[in-house]
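Coming up is one lone chain in structure tokens, specifically the form predicted alone.
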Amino acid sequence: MGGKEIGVRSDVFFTFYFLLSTFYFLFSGESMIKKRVVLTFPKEIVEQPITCHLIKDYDLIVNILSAKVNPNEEGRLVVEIGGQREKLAGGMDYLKGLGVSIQPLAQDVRWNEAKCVHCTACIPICPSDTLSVNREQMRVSFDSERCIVCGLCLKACPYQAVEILF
């Protein structure tokens, strides 16, 4: 019961901190840069509060777009990180010092409608609702603006109608 209260306070703290940081950048005149990156964590550090340190110690805004984190396994986060240039560089150095692999999110997913047979196998696994189905027509559609390049649809599609472009 006590643990739940701490979790709620933590959520309130981070929401407040996120709003405060956003207002700071909006009204301070300092330019904020954003990067979309893929962070791969060695299994030895996957349970450490690394994202919390990025927010608290480097004044960064971290928006988690996709996550696969399990105890004792390599973890992967797709994030958008924003902040002042020097602080962002410091945060990246902190991650590299921990052994976290940082790759730019320079990938793009392409859906090939000609290959798609609209079997809808990709629909339930798409976490961002990039792939959706019109139930009346039973036709799949793809909204590239929503895609977070998680790659789950590639594994689900038996007709290889989805591919990642580098």
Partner chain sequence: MVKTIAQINERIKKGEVVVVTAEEIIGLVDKKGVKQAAKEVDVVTTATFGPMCSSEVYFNFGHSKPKIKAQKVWLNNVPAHAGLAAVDVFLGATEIPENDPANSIYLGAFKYGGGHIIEELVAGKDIRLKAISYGTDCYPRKELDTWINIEDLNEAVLFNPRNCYQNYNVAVNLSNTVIYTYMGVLQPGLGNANYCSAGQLSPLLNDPLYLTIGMGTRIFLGGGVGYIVWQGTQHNPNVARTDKGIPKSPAGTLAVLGDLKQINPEWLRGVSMTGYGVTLAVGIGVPIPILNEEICQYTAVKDEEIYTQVIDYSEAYPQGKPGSLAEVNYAQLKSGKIIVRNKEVPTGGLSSYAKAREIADILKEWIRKGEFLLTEPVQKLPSVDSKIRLKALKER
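C-alpha atoms forming the largest set that superposes within 1.5 Å between two forms make up the rigid core. Numbering follows the first chain given and starts at 1. Bear in mind that the values here come from a model prediction, so they are computed numbers and not experimental data.
One more form of this protein should be noted, the form predicted together with the partner chain, which is absent from this view; the next part is about it.
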>> When the contact criterion is heavy atoms within 4.5 Å, does C147 count as touching the partner chain in the model of the complex?
In response: no
>> Is it the case that S132, even though its partner is missing from this view, gets within 4.5 Å of the partner chain in the model of the complex, heavy atoms only?
In response: no
> Going by a heavy atom distance of 4.5 Å, is I125 a contact of the partner chain in the model of the complex?
Replying inline: yes
> Would H118 sit within 4.5 Å of the partner chain in the model of the complex, counting heavy atoms only?
Replying inline: yes
> Which of A67, M138, I33, L98 has a heavy atom within 4.5 Å of the partner chain in the model of the complex?
Replying inline: M138
> By the 2 angstroms cut-off, has the C-alpha of L39 moved between this form and the one not shown once the rigid core is superposed?
Replying inline: no
>> Once both forms sit on the same rigid core, is the C-alpha displacement of G99 at or above 2 Å between this form and the one not shown?
In response: no
> Shorter or longer C-alpha distance for V37 and E113 in the model of the complex, given it differs from this form by 3 Å or more?
Replying inline: closer
